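One chain comes next, on its own, written as structure tokens: the form predicted alone.
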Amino acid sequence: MTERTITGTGSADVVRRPHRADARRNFDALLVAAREAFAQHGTGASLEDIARRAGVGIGTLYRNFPTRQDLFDAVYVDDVEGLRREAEKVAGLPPWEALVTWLRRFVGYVATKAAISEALNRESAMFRSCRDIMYGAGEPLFARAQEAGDARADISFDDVLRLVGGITGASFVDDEQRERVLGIALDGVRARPAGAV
């Protein structure tokens, strides 16, 4: 993708991914650095620290993201786009494997969303569009797993996202425990053969 249009709530309505290769690298490095900084320090993370982590000057950050809100929106949109790309990447896998792989990517999205949730305008066109993209990416994987008899027929995709999102947001002793609990939850999503207990 050479251009990303983000409708935000900040002073600039649109943030575009640059066309020049070096400028794109800076843009992408800023997104990675911002995601890390927001995860560690929340929405109050220092913009100077983000620029330093990305290996660019503060002017480069402001050229790409004129407001802090533009940066929040860009990080959020980038994670949603990552979910869309992951869905395309796993589409050829067996249905259950494709769904589980995508849901593991969804866990990363939930972590980013939690770090910047207070800064997101849930009523904005950008937020609604991102929700549509996310559901458009994951729902077909879930439907395919249901059609194959791999996922329970009595639950919805929204149920699964809320389950996984809730687990991801909980506090755990370590990452291994989080992974075990996620595995238990996914076992609950998996269809059981007729007569199985």
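Don't overthink the numbering: it's just position in the shown sequence, from 1. Small disclaimer: the values here were computed from a predicted structure and weren't measured.
Keep in mind that the form predicted in complex with the DNA is not shown, yet the notes after this line are about it.
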Listed range touching the DNA, judged in the model of the complex by heavy atoms within 4.5 Å, from 38 to 46, 125 to 133, 164 to 172, 146 to 154: 38 to 46
Heavy atom within 4.5 Å of the DNA in the model of the complex - the one residue of Val56, Ala137, Ala33, Val160 that qualifies: Val56
Exercise: Asp22 in contact with the DNA in the model of the complex, heavy atom 4.5 Å: yes
Distance check, Gly188 to the DNA in the model of the complex, heavy atom within 4.5 Å: no
Three-residue site Arg84, Arg105 and Thr112 fully in contact with the DNA in the model of the complex at 4.5 Å by heavy atom: no
Heavy atom within 4.5 Å of the DNA in the model of the complex - qualifying residues of 66 to 91: Arg68
Cα-Cα shift for Thr101 and Asp28, closer or farther in the model of the complex, minimum 3 Å: farther
Cα-Cα shift for Asp28 and Arg84, closer or farther in the model of the complex, minimum 3 Å: farther
